[in-house]
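Have a look below at one chain only, the form predicted on its own, in structure tokens format.
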């Protein structure tokens, strides 16, 4: 018989195995999911140690992404590995199950989950029973039925998308530098960002900084050759920082030759041509979609009450309206803002509220298990900070308005203080320090997205990447093509190249 490990779990036992104690099931490993589990494992240390309680976290990824640092990760200022927090290391007293919840039947106290092993097992999704449920699946990109959007656009919500976008931008500069076709060059150097919120503005500003710096290492590309376009459907950008700071941000972006188009929508991006509602047409190989988010699809597959926007209806105690033993917070939850004077006001679905809600939620779950009264969530919104690239920013915090370098510095200091774990704080700070001493990295590692391409080429004798048939739309960030290391056989009646033959001998 195998001995139990230090966490009270028998080696080899899957995390789905149910113990006799109370199971707290956490759906999601983002801000709310990670912080709720973190506070719970501290508050229920005795119960977890004795086996009376277990915390099971179901998450599609084994890490939590600190999204405010994604623009700097895309620009190469921070290593992508340092903007994520490994859940297994932080949540040492919890069980982690890499999978995705597809539905919840709270009447039966079960959640249906698919895991990485579901397909291989051939038994279908599994049902997890629970006693207390924390719903924190976060949100996904909100898309619209725009022709060509699904085929050509790139999102900016995950660390994978940030890395891919960085590689893609540098690759477009490589394409522009090597092509002899002016139309291809113009399309490769045109970058369209849709959405004037935090993600769109910060990603565009950081990547423009990176691309302008990178251009100095190309003999035939000048910074002025790059065309950057920001498309926003409303009449302002960065509404969270206030109207005055939003107008300053527009002036700052336009002073850097960024084309900011307000009250404008993307109508189509078919055929790699961005068509805007004002009639403009831009041949482009890059469309970045950051126009909002929507609740995760699993919320629609629950028997819990939801708002018209699809979020779970919650009380100020972060319980779900009309139900017991289920809790929600963050992007997935419509939490009443009891600090607001506006009737029916709800907390904004942002990181500032999510982190604080998670702490109250965890305290209330523990209080419920111990028979103590619950506390209400109350936090007045203190303001916002946004980066506009290196040494530029805007901020509206506690009624004070900052811009330029002070706002940029406040942006960094604030988000460094919010970054989970001392380990990650130290690594990010070290990278910022090194970035001030050394030059930027300008290497595209797009081949990392296709790690088997080189081996497949060697094994099959074919090109590194196959060419799609005519009429097939290319992917949004095409992989770097390269010569094959295997010589191609000459066509019939063609002599083998000799020593004086100037033709290439490889593919």
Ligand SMILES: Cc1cc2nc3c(=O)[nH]c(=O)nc-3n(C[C@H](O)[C@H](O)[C@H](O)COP(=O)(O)OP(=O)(O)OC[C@H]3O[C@@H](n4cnc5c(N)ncnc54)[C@H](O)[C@@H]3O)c2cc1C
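If you're wondering where the values come from, they're calculated on a predicted model, not measured in any experiment. Residue numbers count along the first chain shown, from 1.
The form predicted in complex with the ligand is left out here; the points below concern that form.
Contact with the ligand, judged by heavy atoms within 4.5 Å in the model of the complex, is confined among 117-125, 213-221, 196-204, 183-191 to 196-204.
Residues 176, 253 and 257 are none of them found to lie within 4.5 Å of the ligand in the model of the complex, as judged by heavy atom distances. The contact with the ligand in the model of the complex, taken as any heavy atom within 4.5 Å, belongs to 100 out of 132, 337, 100, 171. Interface residue among 350, 307, 421, 280, judged by heavy atoms within 4.5 Å of the ligand in the model of the complex: 350.
A residue is said to contact a partner when one of its heavy atoms sits within 4.5 Å of a partner heavy atom; residue 156 meets this definition for the ligand in the model of the complex. In the model of the complex, residue 226 stays away from the ligand, with no heavy atom inside 4.5 Å.
Although the partner is absent from this view, residue 60 contacts the ligand in the model of the complex, with a non-hydrogen atom inside 4.5 angstroms. Contact check for residue 67: a heavy atom falls within 4.5 Å of the ligand in the model of the complex. If you take 399-421 and check each residue for a heavy atom within 4.5 Å of the ligand in the model of the complex, you get just 415.
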